[in-house]
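The data below hold one chain only, encoded as structure tokens and taken in the form predicted alone.
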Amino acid sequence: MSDAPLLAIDRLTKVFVTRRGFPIPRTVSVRAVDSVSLTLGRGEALGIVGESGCGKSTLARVALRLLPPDGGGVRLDGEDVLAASPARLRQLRVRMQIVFQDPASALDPRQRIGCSLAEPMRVHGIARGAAAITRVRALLDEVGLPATALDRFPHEFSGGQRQRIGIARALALGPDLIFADEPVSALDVSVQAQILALLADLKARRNLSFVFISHDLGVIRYFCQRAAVMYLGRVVETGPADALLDTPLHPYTDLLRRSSPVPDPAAAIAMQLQEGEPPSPINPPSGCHFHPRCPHATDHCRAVAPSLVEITPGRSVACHLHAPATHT
């Protein structure tokens, strides 16, 4: 039983429908999350990486049922999260929390920090009054803030301090799983390092599991044991973070790696790409969504979408270049 994943996402799908066009608008749909399947073990950090708009944040919100899904399943310790009743979902939320990208907008500007941190304890019947304040002080200390912070408002803190408050709020209920949605992207580099060190320390001490969303490959390499790469709503590669970033199998993963800043400009290696902008998610390319930007694209890539298949133990890729038939 201990080998079973803490979180299992199975073919999760989310479609947004909107009206576009002038003067005669038409209904269009966007498959923001397109049949995504992932697993997360206890005490593990899984990185989700990809360009802006690829569906990373939507995946987190649908998995937490902050947005309704359009297909697929999510299981926490084997229990179906998407089928849970409102009362049961409230109980499950104790075990899975989220840290948002922008701590300024995630905190109520009219609510003192002590009230913000005590509120989830009160809502879930964990602690009230003096007991809740005692727990709030302990949380503030755990994330490196003084106890005096509980009487202050969010605007009185720096961006890094506000993110520490967001982390404390996510910890308030003692969760097993935290979705971290670009938690350091809005911070200065020096502050990013501090927050990442704090999260790594909390992960080790509390045995937390993380789904860590980022577009920064260096952050993924530092914090995560495994990684999944998303492109236009689909997972195109998964595997151990170091192996995936050192020896990418999918051309898109290789593009991300080569596009990352390097300390020595002379060491940068240009990747030959066909011309063209990233395609619109409203009208994605046929077959493999990446084929307009891929230097290895064939007619088969343009016609048939590749499935995510395991190439070596622990490593999977959705690319016809690595189809099983080529390894027989």
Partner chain sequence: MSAATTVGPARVSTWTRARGNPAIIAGSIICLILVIMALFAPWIAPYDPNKQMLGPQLADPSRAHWLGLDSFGRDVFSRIIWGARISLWVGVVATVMAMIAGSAIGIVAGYFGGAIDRVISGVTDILLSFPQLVMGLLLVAVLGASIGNIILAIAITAVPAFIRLARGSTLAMRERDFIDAGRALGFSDMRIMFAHVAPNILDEIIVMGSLWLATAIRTESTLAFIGLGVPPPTATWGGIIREGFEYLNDNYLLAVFPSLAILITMIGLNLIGDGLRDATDPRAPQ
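Treat the numbers as computed from the prediction; the structure is a model and nothing was measured. Positions refer to the first chain, counted from 1.
Omitted from view is the form predicted together with the partner chain, to which the following refers.
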Non-hydrogen atom contact Gly129 with the partner chain in the model of the complex at 4.5 angstroms: no
Proximity of Leu199 to the partner chain in the model of the complex, heavy atoms at 4.5 Å: no
Any non-hydrogen atom of His155 within 4.5 angstroms of the partner chain in the model of the complex: yes
Heavy atom of Arg169 within 4.5 Å of the partner chain in the model of the complex: yes
Arg90, Gln97 and Leu107 each touching the partner chain in the model of the complex (heavy atom, 4.5 Å): yes
Answer option from Arg221, His124, Arg206, Arg135, heavy atom within 4.5 Å of the partner chain in the model of the complex: His124
Residue among Glu79, Asp141, Asp242, Asp102 with a heavy atom within 4.5 Å of the partner chain in the model of the complex: Asp102
Location of the partner chain contact in the model of the complex, chosen stretch of 141-149, 223-231, 155-163, 189-197 [non-hydrogen atom, 4.5 Å]: 155-163
Neighbours of the partner chain in the model of the complex among 43-82 [non-hydrogen atom within 4.5 angstroms]: Arg61, Arg65, Leu66
